[in-house]
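The chain below stands alone, shown as structure tokens; this is the form predicted on its own.
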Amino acid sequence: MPDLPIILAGVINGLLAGGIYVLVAVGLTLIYGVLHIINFAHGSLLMLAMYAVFFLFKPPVGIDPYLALPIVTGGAFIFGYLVYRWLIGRFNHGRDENILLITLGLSIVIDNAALMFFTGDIQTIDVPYAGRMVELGAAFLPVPKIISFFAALLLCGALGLYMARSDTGKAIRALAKERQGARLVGIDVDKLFAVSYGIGIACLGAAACLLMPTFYVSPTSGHAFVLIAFTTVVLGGMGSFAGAAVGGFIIGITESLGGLLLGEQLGQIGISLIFILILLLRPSGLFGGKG
């Protein structure tokens, strides 16, 4: 059994990882909350955004991942908006099961296209500050993870304010609660669906920028976040922003302590156990409504 300072260090590292998980899960829960579908292409689109960060960092462009955040986030929003407008919205025919199949097919196409164009090699970037650490008790915290943690919280807070205060955010919230009522009062439902999907994918673009200084990218790297994102959303409650935030931190701490106590290979077991327990004991999640 590790000493208490080591466990506290694991908790802190888990919280830092949880900040990124929150950002990934917020995008997924926004898409579910408005469209009422699960986006099976979530991990693949995250992988695509990570490749964008990778190629922007490489010469001759040479843009730091954090400085590339507005570019990749904006590009991810446009890509998500167009995917909904040209693909999902056009071919779903008003049926949620069609959207599930479209996003699943999109995931397969993106994964195989990435494998064909980028090969299966693992790619990393070497930023000058990658090896810098901040000592906090028994914990040695990488500077990039600290930056990513606070940036993720800032972005999630900004998104929350946008959804609460802006006219578009209020319209999206109205659409999530009552689709037909929103249509009757003159809200352009199809456009807001595309905007909501675009914002959800923009969250992935931001997460990719915050991940790349400490993570790798390959055609399968998005899969590592799929289970985490879905578990986070289920844990917090489908469609709940607050639930996604709390769930992300819980999953981050669980993963960190699981790796500390059971080893890196078995650390993911804790995430699977939480997923199963939530489905058995509280299927609506911690912040989900009873339904």
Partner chain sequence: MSRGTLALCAAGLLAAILYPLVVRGLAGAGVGVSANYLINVGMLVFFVAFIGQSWNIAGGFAGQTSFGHVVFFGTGAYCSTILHVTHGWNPWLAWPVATAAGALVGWAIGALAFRAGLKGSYFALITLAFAEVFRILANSVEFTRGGLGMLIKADQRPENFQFRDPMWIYYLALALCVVSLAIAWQLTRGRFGARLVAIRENEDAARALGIDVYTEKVKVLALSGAMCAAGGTFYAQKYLYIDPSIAFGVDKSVEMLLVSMVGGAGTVFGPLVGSLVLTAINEGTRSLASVVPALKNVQPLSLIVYGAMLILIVARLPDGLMGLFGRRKSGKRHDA
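Residue numbers count along the first chain shown, from 1. No experiment lies behind these values; they were computed from the predicted model shown.
From this point on, the text means the form predicted in complex with its partner chain, which you will not see here.
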Problem set entry | Answer option from Val189, Ala164, Met116, Ala158, heavy atom within 4.5 Å of its partner chain in the predicted complex | Met116
Problem set entry | in the predicted complex, the one of Tyr32, Phe57, Phe249, Tyr66 near its partner chain [non-hydrogen atom within 4.5 angstroms] | Tyr32
For this session: Tell me, please, which stretch of 145-153, 86-94, 166-174, 71-79 lies within 4.5 angstroms of its partner chain in the predicted complex when heavy atoms are compared?
Result: 86-94
Exercise. Would Val53 show up as a contact with its partner chain in the predicted complex if we use heavy atoms at 4.5 Å?
Worked result: no
Problem set entry | Contact test in the predicted complex: Leu45 vs its partner chain, heavy atoms, 4.5 Å | no
Problem set entry | Non-hydrogen atom contact Gly105 with its partner chain in the predicted complex at 4.5 angstroms | yes
Exercise. Is the gap between Ala242 and its partner chain in the predicted complex 4.5 Å or less for some heavy atom pair?
Worked result: no
For this session: Enumerate the residues of 26-64 that have a non-hydrogen atom within 4.5 Å of its partner chain in the predicted complex, in sequence order, or give none.
Result: Tyr32, Ile38, Phe40
